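What follows is one chain in structure tokens, specifically the form predicted on its own.
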């Protein structure tokens, strides 16, 4: 049951929230909307669900034009980042509520509620009211209610954002498995590129009300169609800089030179982008070249070091495994794995190297 947006536009007054958008999502797989806060992900999901009507264009589902059909007349589950539960129901009744509306048998309700409650670690809380739960427990209850319903369209708007780290990691593994045998379309919104990669499926990168690219998640990550898509699909931010190509050699700031893998590129200026984990504090590859920079900020965690630095006034980011003693203002050497560079033309479109 695929969902398709055909030239959908959403305006509110004089403001355009969603620009002309056409995309066909893939059924029985995860379809991820990846973008920053206010990029337009929630508005797109509301249009898909029937909570909002497009200003122009059409929404098609399972081969039918459902533009303007209200959400009450569609078989949709929607989980928001901010949990919504029935305050007068206990956890069990909250989860079971869509099944009771669908007149499912008592035995099947017990089985399905029990399974999803176990998955989300809610079994000990089934008799409690939402007011007796923590924020994370309330979000898990809202998520369970959506999962227990056999919906044709499941919309998950940053559903794991309010959960603790361990449970979030567990659910990232379990959610795709939970839907793999269901005949439905799943749409999952996130601000985290890492989460999109972990979930797999297909990803649409969203920026300021536009989908910049849609396709297999790993393909969009490895081969972004343009620099903007590469920026959306990178955290920490991707590094971008002007490079010069002459006599088969790229040059960066006159201090780093490496050979072009292509003999078809003309001499001239190009934009190069490289993700922070290919700019490291140690030389992890024979082809990694030295670049000197001045440290601006050092962010240290238990497993990695993220260093913001500048090269001739331009900002860069390095991401290295382990903890490194680094002083702000210090001039140190970083290493670029130039085999991982992406190249873009004057219109910021990807060039096949």
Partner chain sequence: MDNRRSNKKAWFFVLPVVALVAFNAIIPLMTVVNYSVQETFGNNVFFWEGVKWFEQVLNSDRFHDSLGRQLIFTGIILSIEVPLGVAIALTMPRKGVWVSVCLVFMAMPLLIPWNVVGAMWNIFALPDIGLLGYALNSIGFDYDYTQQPLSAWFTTILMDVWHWTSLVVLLAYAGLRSIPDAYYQAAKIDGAGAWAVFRHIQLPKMKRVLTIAILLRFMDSFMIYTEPFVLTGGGPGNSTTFLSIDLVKVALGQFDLGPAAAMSLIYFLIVLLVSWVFYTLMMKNEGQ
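These numbers were taken from a predicted model, which means no experiment stands behind them. Positions refer to the first chain, counted from 1.
As for the form predicted together with its partner chain, it is not shown, yet the points below apply to it.
When its partner chain is considered in the predicted bound form, only one residue from 221, 83, 270, 278 comes within 4.5 Å through any heavy atom, namely 83. Contact annotation: of the candidates 88, 115, 106, 177, the single residue with a non-hydrogen atom within 4.5 angstroms of its partner chain in the predicted bound form is 88. The partner is not drawn, yet in the predicted bound form one stretch among 181-189, 249-257, 96-104, 279-287 has residues with heavy atoms inside 4.5 Å of its partner chain: 96-104. Looking at residue 131, you'd find a heavy atom of it within 4.5 angstroms of its partner chain in the predicted bound form. Its partner chain is not shown here, and in the predicted bound form it never comes within 4.5 Å of any heavy atom of residue 214.
For the chain shown alone, residue 291 is not a contact residue for its partner chain in the predicted bound form, no non-hydrogen atom being within 4.5 angstroms.
None of the heavy atoms of residue 171 is located within 4.5 Å of its partner chain in the predicted bound form. Shown without its partner, the chain has no residue in segment 217-233 with a non-hydrogen atom within 4.5 angstroms of its partner chain in the predicted bound form.
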